[in-house]
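Have a look below at one chain only, the form predicted on its own, in structure tokens format.
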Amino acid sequence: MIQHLVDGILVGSILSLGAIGLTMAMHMLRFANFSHAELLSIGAYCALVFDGVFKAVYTPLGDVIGPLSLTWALSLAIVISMAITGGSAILIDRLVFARVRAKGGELSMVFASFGVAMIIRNVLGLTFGLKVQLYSQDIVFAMVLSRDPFLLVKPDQIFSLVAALIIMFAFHLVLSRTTFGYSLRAVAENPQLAQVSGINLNRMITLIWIIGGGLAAAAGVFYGLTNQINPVLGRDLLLPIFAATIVGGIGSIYGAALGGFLVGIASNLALLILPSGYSPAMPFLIILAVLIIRPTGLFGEERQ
């Protein structure tokens, strides 16, 4: 049981990064963006490309860092992929969502997001192929953290957890200590009132896409580092990320972070009583349970 709990925490950190960007966009733009999970795929493949580029340009960057399978090239590629994915999120908004937003309603935005998700998924499949890919072909053995109870953890998993926590803490400082953070919370609470108060709504929307895309890219790379990447990565993580958002409460950034860990833990603990083939159904059950018991989520508020 302890092993499943630890695995759930490790997976939950990745879901939390993806859920934070999704909950911000859903609360501010008032639509369920089903293409958000595809940003994880974009980030994962951008890192794969630039990892290869950096290794080709400067061979020593291909050296691994300590006990990890992570190379110096990939660590630089993570930063580049976060920037590119943030830019991709803005581009998608300008080309699709902004135009639909100006002419249609929330339901039109949801249908548009389905179309965007399918386009991204198929473009990645045509570009990189449908086979799974790895950041490193080296075999990294798990470390024995405890023998009673028996507990195994890979160094890459520990790195992903620590890096995700650092990113979330840095984002917390931005929210609680900067003018941008205050403006972001004001816009999330009441966009119209915030605009009347002098906050540039369009600028805030752009920044939210950048932040959401960057966090999604980091989540995609960390997932690929501890598992593998393929064009349907976003599809596989879509429901867990939505479940984390709904559990935490739409619009609550801290709720999304906590919801990611709760969903990750619940999904892994479910393996104790369910066959592995049924584990993908766990996010469905979590979503239904939350909507029935507390539709606003743990930290969500009733919309006026």
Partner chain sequence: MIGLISYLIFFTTVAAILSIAVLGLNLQWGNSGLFNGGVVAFFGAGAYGTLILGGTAQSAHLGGFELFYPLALIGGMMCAGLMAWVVGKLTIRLRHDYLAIATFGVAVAFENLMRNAEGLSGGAQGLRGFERPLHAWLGDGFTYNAIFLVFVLILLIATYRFLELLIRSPYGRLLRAIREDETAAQSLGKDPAKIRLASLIIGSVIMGLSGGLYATFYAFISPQDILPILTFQIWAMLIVGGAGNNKGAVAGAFLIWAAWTASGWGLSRFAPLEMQLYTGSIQFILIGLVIVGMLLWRPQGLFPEKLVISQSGRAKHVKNRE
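All of these numbers come straight from a predicted model, not from anything done at the bench. Numbering follows the first chain given and starts at 1.
Missing here is the form predicted together with its partner chain; even so, the following discussion is about that form.
If we take heavy atoms and a 4.5 Å cut-off, which stretch out of 124-132, 153-161, 219-227, 174-182 is in contact with its partner chain in the model of the complex?
Only one stretch qualifies here: 124-132.
All three of 95, 103 and 239 touching its partner chain in the model of the complex at 4.5 Å, heavy atom to heavy atom?
Yes: 95, 103 and 239 each sit within 4.5 Å of its partner chain in the model of the complex.
Does residue 99 make contact with its partner chain in the model of the complex, using a 4.5 Å heavy atom cut-off?
Flag for residue 99 set to yes.
Would you please decide whether residue 118 lies within 4.5 angstroms of its partner chain in the model of the complex, comparing each non-hydrogen atom pair?
Yes.
How about residue 250: is it within 4.5 Å of its partner chain in the model of the complex, going by heavy atoms?
Residue 250 belongs to the contact set for its partner chain.
4.5 Å heavy atom contact, residue 108 and its partner chain in the model of the complex:
Contact with its partner chain, yes.
Among 77, 112, 211, 233, which has at least one heavy atom within 4.5 Å of its partner chain in the model of the complex?
Among 77, 112, 211, 233, a heavy atom within 4.5 Å of its partner chain in the model of the complex occurs only for 112.
Output the sequence-ordered list of residues from 26-47 with at least one heavy atom within 4.5 Å of its partner chain in the model of the complex.
Residues within 4.5 Å: 26, 27, 30, 31, 32, 34.
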